[in-house]
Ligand SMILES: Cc1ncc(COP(=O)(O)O)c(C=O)c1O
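The chain below stands alone, shown as structure tokens; this is the form predicted on its own.
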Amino acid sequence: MAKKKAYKQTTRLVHGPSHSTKWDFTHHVTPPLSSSTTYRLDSARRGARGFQEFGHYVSDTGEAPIYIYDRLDEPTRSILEGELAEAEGGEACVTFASGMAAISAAMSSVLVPGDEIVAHPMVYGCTHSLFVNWYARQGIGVTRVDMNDVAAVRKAITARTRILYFESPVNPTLELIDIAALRKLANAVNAGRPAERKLLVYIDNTFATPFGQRPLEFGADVVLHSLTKNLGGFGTELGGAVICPRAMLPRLLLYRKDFGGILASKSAWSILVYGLPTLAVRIKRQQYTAGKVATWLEKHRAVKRVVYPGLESFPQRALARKQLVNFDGDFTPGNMLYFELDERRVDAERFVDQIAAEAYSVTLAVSLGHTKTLIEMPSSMTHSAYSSGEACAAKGATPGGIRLSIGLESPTDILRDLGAAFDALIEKPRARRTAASRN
């Protein structure tokens, strides 16, 4: 059989591993689903060996691992982890029951009381809640600094700082963070630190996916994903992933074993069989539509501002062209939009309510990266952990801001539903005034 590495990454996502010591499924066109919470052991000695070897890196050239219990390791999840690590160009991957479980584990498995994080001001609402409500209780400090202001980041770093944390593109504002600039800063800081206290660069790559951005190539240490979103793709499974250096693998696996946030094998199978193979075609189709929707919104008289990396008006266009590229090097602006309405013409909440009540191709729902187009208001929904619209606005997301995750529908239908919502809210008051004047 031809070597897998000779083929394009898009093809490899479709076909998966041609061989894996984690399970022999070379005669299956579709990988079978393993579904066993516990595994038969030939002897007590074999069971003891399995526990001793748990957490060690297993390559696909040696002996298969000894499976003991699903919470430790199991074949389907392990194969998915290998595929995700390869897609990101990483050494190892550990999956979790949700994106937040992955984020929590990735940081909590490294941090100890007294450590500090320097994070971007705007992050996903639940990540913000983790910083504010939980890390403070654990004696872990979090300082918020604009990650594109490298001088300010450098000033915020202390001897106790262990992690630089950010999303890029940022949820929901789509601001980009220069990963290479932060890598350069981290290298300078680490020159005077022992290996066990190195400053680490963490990025949540959920919006872009490895198809549209591979942060490890720009110097990130750890890449995080919500598998629930674009990578899962169909809105049927929760999951999260941490792609990390091999040296971090044992501690992450130990953390997952003891805290128990495992990805179910059935969810891993769905993402492996449906999510990854369709990733490229979904993103390509969705960003085609996103470009049309963004251009249309930007021209609409009731829209004040549209943020989409594919627009000429995107303020970080050069950085977008550098970082947001697919496996073939093509610009990949993605499937996410953020826009603000002219409140003198249309109230944002009324607009979203109108979509919820009347639209067919656009659905009012949180989450993103779905086959269906989803609309929501971050300041009052996904980012409500910021406590108030004003607090959220201070980080770049206005109370009237709207996040749009483009799905697989016809762009014509999406534009029809958006246009109908605008027309209903802009024209009806005028009609009422005309009727009033007749009376």
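Not measured: the values here are computed from a predicted model. Numbers follow the displayed sequence, beginning with 1.
Quick note: we don't show the form predicted in complex with this ligand, though the next part is all about it.
- The closest heavy atom approach of residue 229 to this ligand in the predicted complex falls within 4.5 Å.
- Residue contact check for residue 108: none of its heavy atoms lie within 4.5 Å of this ligand in the predicted complex.
- In the predicted complex, none of the heavy atoms of residue 173 sits within 4.5 Å of a heavy atom of this ligand.
- When this ligand is considered in the predicted complex, residue 98 lines it closely, a heavy atom lying within 4.5 Å.
- Although this ligand is omitted here, in the predicted complex none of 90, 202 and 249 has a heavy atom within 4.5 Å of it.
- The partner is absent here; in the predicted complex, the one residue of 244, 216, 368, 283 having a heavy atom within 4.5 Å of this ligand is 368.
- Of the candidates 76, 323, 287, 206, 206 is the one whose heavy atoms come within 4.5 Å of this ligand in the predicted complex; the others do not.
- Contact with this ligand, judged by heavy atoms within 4.5 Å in the predicted complex, is confined among 191-199, 302-310, 252-260, 163-171 to 163-171.
- Residues 103, 124 are the ones in 102-134 with at least one heavy atom within 4.5 Å of this ligand in the predicted complex, listed in sequence order.
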